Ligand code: TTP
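Quick setup: one chain, the form predicted alone, written in structure tokens, and binding and motion questions come after.
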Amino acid sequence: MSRRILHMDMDAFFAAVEQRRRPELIGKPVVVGGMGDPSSRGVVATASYEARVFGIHSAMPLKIAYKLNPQAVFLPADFETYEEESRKVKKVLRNISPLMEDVGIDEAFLDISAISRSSLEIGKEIKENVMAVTGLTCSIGIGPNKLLAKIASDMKKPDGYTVIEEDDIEDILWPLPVRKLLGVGPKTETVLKDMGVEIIGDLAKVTPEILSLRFGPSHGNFLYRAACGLDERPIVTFWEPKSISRERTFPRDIGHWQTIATVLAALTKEVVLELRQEKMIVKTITIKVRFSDFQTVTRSKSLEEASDVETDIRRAVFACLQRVELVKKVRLLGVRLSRFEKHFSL
């Protein structure tokens, strides 16, 4: 049985949700991020396709996005609503196949190898059902592995559908820029360009030995195999969390101890809620404090016995805070839980 992997990616998800519930925003450049204030320190979570025309993209500081287009509509992120829409989408996918890998609020992989229907029929059903339950569009890519499926889903956005077969690698994959490959970031891209490699086809012609010398055996071999369209990564239907964390960046630096304490308590409540949803108990608690000059300190405490009790965890958070010298104003606070154990109810 040949392997068929489908990658579903929602189109400009957060911005699309906002345009759906506020039809007057349809066709306008919409930027979602932070508190929706472009003068704040927040970053862009999602930009509508109308905003992307101006060069605005995810992870860009809101201030820069505003400079690129002062007329854009800036909105605060409403993650509770986005997560609810995401659950509807993931239910559609699980109705197609239980072999789903949830890789983010707006995307997922699906193993459709055992389904007898054609890829086109499956893709069409998913797109129609996602539209029916959310009113939103998604882009779908299908390939013999996760690497090619993800590249395919990005080729005809928005509302796209692309299939890459093994026989299509030379015609479809190789002409693409090397940056399209998983594992090729800005630094790797620069090194590859220095080697005369700009498209994936160029990379496929470089021997694994040369790539290993430049990038190390592991990464070099990975790059060569990726350029050849090879990827054996399985669909992972369940992830054991290694940590749970929440952070908050303040619009303005704060120096009031009571405000710091209040925020840490709120962050603690959030991570404990997720901890319980995962049915885990935690051993180690860490706080992060970033000051106005960007100096960042962390302090950790391990519990004598793993727990999911909020008062236990909050007590550890404040024990960590007592070990931080608050002599400067604070820019960011964070709480992280790690070293988990399964919670077995009797």
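In case it trips you up, residue 1 is the first one in the sequence shown, and so on. Just so it is clear, the structure is predicted and the values come from calculations on it, not from any experiment.
Quick note: we don't show the form predicted in complex with the ligand, though the next part is all about it.
- Not displayed here, the ligand is approached by Ala45 to within 4.5 Å at the level of heavy atoms in the predicted complex.
- Shown alone here, Arg225 lies farther than 4.5 Å from the ligand in the predicted complex, counting heavy atoms only.
- Although the partner is absent here, Ile105 lies within 4.5 Å of the ligand in the predicted complex, judged by heavy atoms.
- Mapping the unseen interface onto this chain, Arg246 falls outside it, with no heavy atom inside 4.5 Å of the ligand in the predicted complex.
- Of the stretches 280-288, 317-325, 300-308, 55-63, only 55-63 has residues with a heavy atom within 4.5 Å of the ligand in the predicted complex.
- In the predicted complex, Asp9, Met10, Asp11, Ala12, Phe13, Phe14 are the residues of 9-35 with at least one heavy atom within 4.5 Å of the ligand, listed from first to last.
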